[in-house]
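Next up: just one chain, as structure tokens, the form predicted on its own.
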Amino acid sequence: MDSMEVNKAIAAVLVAGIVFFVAGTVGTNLVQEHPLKTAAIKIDVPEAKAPAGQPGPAELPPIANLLAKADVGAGEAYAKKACTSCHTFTEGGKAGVGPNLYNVVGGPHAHMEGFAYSAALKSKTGPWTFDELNEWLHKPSAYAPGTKMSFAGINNDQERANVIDYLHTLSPKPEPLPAPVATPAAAPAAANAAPEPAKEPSIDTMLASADAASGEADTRKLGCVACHTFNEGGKAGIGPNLYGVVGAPHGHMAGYNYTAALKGKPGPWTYDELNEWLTKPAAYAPGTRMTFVGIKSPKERADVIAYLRTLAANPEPLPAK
């Protein structure tokens, strides 16, 4: 191919490029796109709704009723298993990933001085009540959206109450437990529902076979002797002397500084009252200073009461069979 043919080919390419460029420029200036202010075709999309008849989120049961049968020991065990990686529980304990939790019940939401709480918690007004703790521990992210606490929550109502009851004991002056509230009657149980657990025998029945010697041993095993004396004329310790307590007034030891929670109880210490008290002191007398969690076993309680009965010159008669 001679040079003339090569020059013609190059010229043709250049001319084509120039024509393409000029045509594109002219087209851009002649045809301009403008965004639509409103859609040309409006399509209404109905707002999604829950299916008819589908229940919303279930309300939490009253925490007061759950606390009345809460188990402090179980709450402490749960806290040690699930919470100690982030929190400390001792008085004056240092913060970890989360704040120290001593004296949290009744304290402000941001109760530990110097801890970097999230804005979600700092914005919460008022103290940590039992109800607020119940809601928080059920699902922290729902109670305080934006919280730094990654814990998912405690789904089981009674486990949650056990933990709150344990937290309530972490104070020199524990907050009074709330009084149980009446709840609507439950619907009739289904035919295949699990049977209700057997009711605990009455204290009258238990005392008929109680062993006072075992009860005395139980007072040592359970640590009662650390706070009480049992001999006639014995001095008060952290708690009052217990000689002659059965059948005596609730504030039976002269000169001892009983709490208003106990001084306000009318009548004597009957077997039924002692049984209820020893089951769970904090539920029997909300506001009591007694930090003892209670005696779970009906037999142990009966044995201890049988022993207390012997601590008198003229022991109270046992209930008639």
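Please read these numbers as outputs of a predicted model, since none were measured by experiment. Residue numbers here begin at 1 and follow the sequence given.
A second form of this protein, the form predicted together with a small molecule, is not displayed here; the remarks below concern that form.
A.B. asks: Contact between Cys86 and the small molecule in the predicted bound form at 4.5 Å, heavy atoms?
C.D. replies: Output for Cys86 is yes: heavy atoms within 4.5 Å of the small molecule.
A.B. asks: Is the gap between Lys148 and the small molecule in the predicted bound form 4.5 Å or less for some heavy atom pair?
C.D. replies: Taking the distances in the predicted bound form, the answer for Lys148 is yes, it comes within 4.5 Å of the small molecule.
A.B. asks: Is the gap between Ile238 and the small molecule in the predicted bound form 4.5 Å or less for some heavy atom pair?
C.D. replies: Judged by the heavy-atom cut-off of 4.5 Å, Ile238 is in contact with the small molecule in the predicted bound form.
A.B. asks: Please determine whether His138 contacts the small molecule in the predicted bound form, using a 4.5 Å cut-off between heavy atoms.
C.D. replies: Contact check for His138: no, nothing within 4.5 Å of the small molecule in the predicted bound form.
A.B. asks: Out of Val72, Val104, Ala210, Ile203, which one falls within 4.5 Å of the small molecule in the predicted bound form, going by heavy atoms?
C.D. replies: It is Val104 that has a heavy atom within 4.5 Å of the partner.
A.B. asks: Please say whether the CA atoms of Glu175 and Val225 come closer or move farther apart in the predicted bound form, knowing the change relative to this form is 3 Å or more.
C.D. replies: It is closer: in the predicted bound form, the C-alpha atoms of Glu175 and Val225 lie at least 3 Å nearer than they do here.
A.B. asks: What direction does the Phe292-Val105 Cα distance move in the predicted bound form compared with the shown chain, closer or farther, given a change of 3 Å or more?
C.D. replies: Compared with the form shown here, the C-alpha atoms of Phe292 and Val105 sit closer together in the predicted bound form, by 3 Å or more.
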